[in-house]
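Below you'll find only one chain, the form predicted alone, shown as structure tokens.
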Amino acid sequence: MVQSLLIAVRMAKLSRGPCVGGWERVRGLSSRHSALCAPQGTVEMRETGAAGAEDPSSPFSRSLIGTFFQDQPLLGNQLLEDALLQGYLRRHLPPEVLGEVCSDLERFSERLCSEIQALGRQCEETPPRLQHYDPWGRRVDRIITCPAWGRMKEISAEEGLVAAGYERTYGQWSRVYQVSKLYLYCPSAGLFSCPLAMTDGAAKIIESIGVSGLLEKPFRQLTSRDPKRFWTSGQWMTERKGGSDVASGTETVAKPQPDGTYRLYGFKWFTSATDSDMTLTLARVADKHGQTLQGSKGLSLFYVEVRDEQGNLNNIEVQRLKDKLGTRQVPTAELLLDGVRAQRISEEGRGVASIANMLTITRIHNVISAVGCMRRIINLGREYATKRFVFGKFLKEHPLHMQTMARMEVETRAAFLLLMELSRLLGREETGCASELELHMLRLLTPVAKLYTGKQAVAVISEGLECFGGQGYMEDTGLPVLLRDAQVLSIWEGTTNILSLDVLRSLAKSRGRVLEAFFTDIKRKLEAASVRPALTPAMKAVESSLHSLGQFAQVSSERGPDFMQLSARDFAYSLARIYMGTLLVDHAAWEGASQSDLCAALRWCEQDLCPVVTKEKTGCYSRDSSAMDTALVYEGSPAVRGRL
């Protein structure tokens, strides 16, 4: 009898104390931490019913579901938890800039926990929808987004997430500041980072063309800190025939009007951030006979305001919203352009050349998203490892688990330093400080960084989900969305193969000067790092790989374009790994570097830094190998039996 009473008392305490106490801890968190998914204060615990007390010796009687509840990972101040970001800023920013930037980033990181993270989750849970008709049958084509999406737009203006790159408050370091802020923001943004990328790209084009006349208004709106004035921009380039091949795939026609404007007619198959205020798009100008010039020379760039002053669509029909694997938070639509009013902002036939600056910006934003989400999954994973107790100890005490996370960490550190080097080079280019070598490096590293970090993000985030076991697969934890959204990073703004070929184009167009700059820059960085003997193994690995790459480049130039195209992907990977190794070595040689910086450099350089040479030795770029590739892929396919 006494024993039964003791059991009843103990079970009552366990069923109510730990459960309620656990949620009270979440409710009472300071702004330093926030729950990963649920907005604070929204969880209510049900009282155990009287029936649950009928058999207190049974721990799972009716509504009583047991005594253990796993603590969820909490989001802390992401600046204060990022030693590499802090170290990079201390190393590079001038003292008069460092204090202001770090203060703002720390404040912003608190806002991520207290406000932005919950808004981003709401954007994921309430995706946009399309209303074709109003209640009275009128065609309205309204893209309806959730209130959190609108609030994200206001916050983006308040925080200057685009404006910071154009105000140039910190001179050549303004882009480093902006990119650092976006890197912290992206994993919590509910994909509002996508319209910000488009907006930044549009502002860059306008700035490069000249902020005057009709372009003065959109530039001021795109770079405003006033939430009531701030505009976002879409990007309407892709058509059904095209994808990345806009030169042959663009069918949209621009008909000149007597007042100097144009009317656009066409079908845009994939429009990003379709709910934006304005957009830039490509079209072919028709002559007086209605004829257009095909190829890239026939394309011009146009500025379009999506709605008129009354809020009506500018002769645009929204056919449907895209049903995507990830990035569901972002309205992406198919559009029919039926006489859209537009202004040509490029020289006629110079549309493709005019969007080059935009591609630089949007590809860097792609890298920001990749690196930011890699860092986020690691930060959550390591926090979870301090509270998940399995097989007699916490996850952080299992050496194999720590080894896995350390490998993820090395990948992320290398990607971060590549991102920050890109932002540094961009800032110098925009303020007229960049040398010829730095301009070449910016041209080369932009596609290289985009293609490589896109692949890294998918691999690292996938591995990161495993750190949470089954909970990493559950949508209501807010974790799987990181992986679904990451998959777009290797596709959007050019797939891995497309960008690999773009790297080759940069070499050809510069007549090899881009590659010369690559070799020169690495040798300078390694020479400066030679003061730290502990880095010798990593430096030797980089030097050896660089030498092998140089020999490959010499040989490949004699073997023709087919050989180079076959090797393009591995060549781009080699550029990425060698340069990322160099950046890790360079950072680890800094006098303020930590032991972890040294460890990351050594571990990165243990891998094959030059896979293009390794693959070439196996003959995989030969004509015979290419023929075998096709035979291997199509064996058994009806396509080779004449049935398709």
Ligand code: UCC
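Remember, it's a predicted structure, so these values are computed and weren't measured experimentally. For every residue, the number given is its place in the sequence shown, counted from 1.
This next part talks about the form predicted in complex with this ligand, which is not shown.
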query	finding
Blocked or open, judged by overlaying this ligand from its pose in the model of the complex and testing 2.4 Å from backbone or C-beta atoms	open
Heavy atom distance at most 4.5 Å to this ligand in the model of the complex, all of L93, Q172 and F416	no
One stretch from 376-384, 350-358, 177-185, 158-166 that, in the model of the complex, holds residues within 4.5 Å of this ligand by heavy atom	350-358
P227: touches this ligand in the model of the complex, heavy atom cutoff 4.5 angstroms	no
A568 within 4.5 Å of this ligand in the model of the complex, heavy atoms	no
Non-hydrogen atom contact K297 with this ligand in the model of the complex at 4.5 angstroms	yes
In the model of the complex, R443 touching this ligand (heavy atom, 4.5 Å)	yes
Heavy atom within 4.5 Å of this ligand in the model of the complex - the one residue of E430, D502, E124, E409 that qualifies	D502
Contacting member of N366, S109, Q456, Q329, with respect to this ligand in the model of the complex [4.5 Å, heavy atom]	N366
Residues of stretch 80-116 in contact with this ligand in the model of the complex (4.5 Å, non-hydrogen atom)	none
